[in-house]
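Only one chain is shown below, in structure tokens, and it's the form predicted on its own.
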Amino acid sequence: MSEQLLTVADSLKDRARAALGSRNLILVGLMGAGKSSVGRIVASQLAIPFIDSDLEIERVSRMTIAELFAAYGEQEFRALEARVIKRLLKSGPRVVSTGGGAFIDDRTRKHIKKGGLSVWLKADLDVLWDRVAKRDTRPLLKTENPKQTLEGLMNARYPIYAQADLTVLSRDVRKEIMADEVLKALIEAQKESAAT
């Protein structure tokens, strides 16, 4: 029985890897949607590199995201983010997780659309809040009512995230299940593309 499960899992990985080809897989969505944790698993399953764009921004700037926001403001941060993501997407295939505001920026969204296949990890407010309330490292949530701020971000950003190539519902399940759902969405998108 377990051998049969392994065969199904290997088949899923192989089909998803073939569906991706040489493209990048870029995860977008709000903070707490699971872009980094799910992205690492997806990259491992596809046997391709994983890059967290926020960590890459921190590496090249030698500052944390919070420090960058405090020192330069959101507009300058978004310009830096756009440059870093453009560079990351020049080669592939790889899985790239982006910061919550990356896809909202017109320049970055164009780089993502050109640089690979985007997947929106869509989550409801309660799921996101449960995840982000555990850490106070989110610059945009340093407000009087962070949950209300998060809801405002959802309302403003969800119509833009909906422009992603694929949408996968992020909910309160194991990350491995979410990763499998991303792989399945990738396979389905390839089937639909081949049928048209």
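As the structure is a computational prediction, the values presented were derived from the model and not from experiment. One rule holds for the numbers: they count along the sequence shown, beginning at 1.
Omitted here: the form predicted in complex with a small molecule. The next part is about that form.
Annotated contacts: 131, 174 and 178 all touch the small molecule in the predicted complex [non-hydrogen atom within 4.5 angstroms]. Checked against the small molecule in the predicted complex, the candidates 64, 36, 148, 44 yield a single residue with a heavy atom inside 4.5 Å, and that residue is 36.
For the options 68, 51, 164, 31, the residue carrying a heavy atom within 4.5 angstroms of the small molecule in the predicted complex is 31.
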